[in-house]
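Starting off, we have a lone chain in the form predicted alone, written out as structure tokens.
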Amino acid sequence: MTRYLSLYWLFLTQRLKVLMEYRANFIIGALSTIALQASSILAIWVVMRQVPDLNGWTYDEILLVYGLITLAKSINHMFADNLWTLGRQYIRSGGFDRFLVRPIDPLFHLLADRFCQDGVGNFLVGVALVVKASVALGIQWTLLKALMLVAAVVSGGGIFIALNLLTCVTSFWIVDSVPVTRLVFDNHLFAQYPLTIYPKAINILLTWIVPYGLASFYPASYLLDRSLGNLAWAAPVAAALLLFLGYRFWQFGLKHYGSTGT
């Protein structure tokens, strides 16, 4: 473990040196993500101006849900964005083969090969939304609520990474896995809002099948002392289980990988 942490730090510092060679690009990447999130938040504000109460949820409460999932997504965006490019950038070109001849785990190498600066923008937006909502709603912070916030963000990031890993492994058979990954990933858009506004089928999907709701709705419910909030403590279990399944599926796919060449 210590060896891999040291290696990741070396990969990260080298990546940051590359990014700092083009500082304007780094800043633009982060700002573009902030601008994109701002447009989505503006859309919520416009809707909530006309409908102040969305099935019992106010504007600031929805911002809390949105902020939590944005924080979770930022973890995935910063540290595991390379999963999206596995087929298009590495397998199709034959570049993935270099991971197989080096004395480190290929999945670790893939993840460490790129830090995505755009995720920094998501992280900043998520922090700002959670702080703003917390102040506006007068949330009384306790040790358990602070632990829940940390667990929700870390576990939520793990859920995003695991689901992307499970879908990107299809690259070993179909090369371009982006359509498959997007089919699952885009479900997180539903989890940017309270799950109680959706039909029961959507609730089941986002709680038990692709559990993005465990990264947003349930932790927000816990912080707001709402019913169903205790289900948020299932997030670490779901993240650990999905990461385990994702890694085992990765190992299965790796055994069936055949180099495409260049």
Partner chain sequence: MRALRRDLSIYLSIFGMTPKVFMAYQLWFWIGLVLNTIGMAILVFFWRAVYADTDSVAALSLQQTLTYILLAQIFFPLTDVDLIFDFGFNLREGNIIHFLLRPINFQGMYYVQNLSSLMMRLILQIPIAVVATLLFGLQWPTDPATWGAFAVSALLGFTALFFFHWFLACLTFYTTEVWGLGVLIFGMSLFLSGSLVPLTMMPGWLQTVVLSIPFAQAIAVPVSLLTGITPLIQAPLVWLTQLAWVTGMWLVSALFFRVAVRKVTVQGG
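Positions refer to the first chain, counted from 1. For clarity, every value in this text was computed on a predicted model and none was experimentally measured.
Below, we turn to the form predicted together with its partner chain, even though it does not appear here.
- Think of it this way: in the predicted bound form, its partner chain has a heavy atom of just one of Val150, Leu189, Val131, Leu144 within 4.5 Å, and the residue is Leu189.
- Across the proposed site, Ile28, Gln50 and Val178 without exception bring a heavy atom within 4.5 Å of its partner chain in the predicted bound form.
- Contact with its partner chain, judged by heavy atoms within 4.5 Å in the predicted bound form, is confined among 136-144, 151-159, 123-131, 110-118 to 110-118.
- Remark: Leu224 does not count among the residues lining its partner chain in the predicted bound form, judged by a heavy atom distance of 4.5 Å or less.
- The shortest heavy atom separation between Ser32 and its partner chain in the predicted bound form is within 4.5 Å.
- A residue is said to contact a partner when one of its heavy atoms sits within 4.5 Å of a partner heavy atom; Tyr193 meets this definition for its partner chain in the predicted bound form.
- Taking the partner from the other structure, its partner chain in the predicted bound form has a heavy atom within 4.5 Å of a heavy atom of Ser39.
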